[in-house]
Every structure is written in C-alpha cells, then in structure tokens.
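Only one chain comes next, encoded as structure tokens, the form predicted alone.
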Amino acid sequence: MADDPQRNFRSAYYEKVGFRGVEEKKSLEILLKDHPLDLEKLSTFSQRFPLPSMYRIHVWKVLLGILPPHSDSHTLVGGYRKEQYQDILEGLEVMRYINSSTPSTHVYLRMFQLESQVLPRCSETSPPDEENEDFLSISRAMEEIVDDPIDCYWLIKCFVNQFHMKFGDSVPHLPKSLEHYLSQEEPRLLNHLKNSGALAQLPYSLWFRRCFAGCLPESSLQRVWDKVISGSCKILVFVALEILLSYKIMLMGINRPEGVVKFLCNIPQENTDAIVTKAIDLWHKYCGTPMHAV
C-alpha cells in the first residue's frame, strides 16, 4: 500500500488530539480480515506499533503458529488444542507427576517436558534447574497476561520454543551488543560499570533468557513481547539499555557489583511504561523501522 497523504494527515491529527493508535487499530482490523492471514504483514505491524490489547492474544497465537493463517480453521484447530491440553494433563495426573495442589506453572513445565520428551522419572524429580527457572518465570508472567489456562499453556510453550529456535544462537551475543550501544549513548556509565566490575555481572539471564519476565510488570512486558514474538530479540538489548540510561545517576553512585545487580533485579515498577517506550524508540533509531505495507 503506497503512502496515503490523507491517512498520514489523519494519523497525525488523531495523535495530536490524544487518540494515538486509532488508525493503527483500523489497519490491524483490516489485516485480520485477510484470507488467509498474511503473517509477514502481521509481523511488520507488530514491529511498528503496539498491539491493541483486544487483539494481542489472537495475533500472538497466529504469529506463534498456535492458530493457522486460515481463519476458517481457527475454531476447529482451537478444539484440537484444547483436546491435546486435556490429554496431556490427564496423562500427567495418571502418572502422578501432578495433582490438584500442584502450582499451575509447574503443571505447564511438566506438560512441556512431556511434549519435549525430556520428562524426568518420578523418582528423579528434583528442584528446577536454571533452564527450568527461565521457563517458570515466563510462565508466571504469561499467567498475568492470559486468563485462560489452555491459551496460557500454548502461548508459553510456543513462545519458549520459537525463542530458542529463532534466537538461541543470538542470545549469548546480546551482552556484547548492549555494551556497544551503551558506549554510543553513555560511555561514562559504561566505564563506571567496567571499572566497578559490575558489567560482567549484570542480570543478563533475567533480561535476555527470560525476556524480562519477573523484571517488568505485565502492562510493560507485553509490549516488549509483541516485538519478540513478531521476530526481534534485539529489542531486549534496547530495553536493558534504557533501564541503564534511566537509572544512570543511581548506578553511578553504586560502586559494588552486587549493589548494581540487586538494584537492577528490583527496579521501580512505576516508570516501566516510559522505559519501554524509550527503548522502542532507541530500537527504531539504531535498527530502523520495518516499512512493509500495513
């Protein structure tokens, strides 16, 4: 779709009078009427704009492959997903891996392990290791976003699988990427973190392996996950960067690595929406904005 001057004027007007996103919502509704759904256009939309909350879960399910591009099949496939969920749940109950008192996030973990063929023997079950803790953190965050347990499990499972498949090789390089962009934006802070020994101990697992689950409240986190699910793990670098920039004065006053890590693992929750907005702006600044038609 070529640039439409009238549309651009309307978008600017709506934003000026406080109705930011009105045109974007209409654009998404048009995309969701396509038969079949165009996954590239949906991904591009999600990269460029925040998803309206009323459509977010549906778009995530399509982009993660939980629902197929053919909308006519959504009810049928949704039924299959529900049956599969119930079968796995009942199997774990029969094998006594779970019971009525098992926390839901641990139920999701056992379901995931069973489907991934890595379920340990009952006699060998042990406290969750670090990889399992990553899964549980994402599960707890997803539970705050999604009400339905069936949708929740499928979103967790497919989010984790897609992240590992698409970005597993990239994640180890994200700390170096963060260091590079911090040198561009605030070299004094970078030098302070290096000299204090904090740079090597920043909470990279929390930021990059858990995609900020347990760090950001769900209202801010889901805007970051919009970008991850639609194809960018680089957004995680810029969220980490903006956290460092936002608390620069505080961090410059902390000289012990453990003090820096403790603060960054428990950042104040009231400012996170602004941090994510600025992070997305930085991401577009350095990585550009997808320009496919929406």
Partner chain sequence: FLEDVKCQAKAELEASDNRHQAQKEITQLLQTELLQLYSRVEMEAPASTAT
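Residue numbers count along the first chain shown, from 1. Worth saying up front: this structure is predicted, and the values here are computed from it rather than measured.
If you look for the form predicted together with its partner chain, you will not find it shown, but the lines that follow are about it.
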Open item on the list: Does its partner chain, in the predicted complex, lie within 4.5 angstroms of each residue among 68, 84 and 119, using heavy atoms as the measure?
Closed with: yes
Task: 199, 107, 114, 171 - the one with a heavy atom within 4.5 Å of its partner chain in the predicted complex - done: 114
- [ ] Consider the chain as shown here, without its partner, and state which of 203, 214, 91, 175 has a heavy atom within 4.5 Å of its partner chain in the predicted complex.
- [x] 91
Task: Exercise: residue 157 in contact with its partner chain in the predicted complex, heavy atom 4.5 Å - done: yes
Task: 4.5 angstroms heavy atom contact with its partner chain in the predicted complex for residue 73 - done: yes
Task: Partner proximity in the predicted complex: residue 253 to its partner chain, non-hydrogen atom cutoff 4.5 Å - done: no
Open item on the list: Would you classify residue 165 as touching its partner chain in the predicted complex, given a 4.5 Å non-hydrogen atom cut-off?
Closed with: no
Task: Segment assignment from 144 to 152, 93 to 101, 218 to 226, 178 to 186: heavy atom within 4.5 Å of its partner chain in the predicted complex - done: 93 to 101
Task: Residues in 34 to 53 close to its partner chain in the predicted complex, defined by a heavy atom within 4.5 Å, in order - done: 36
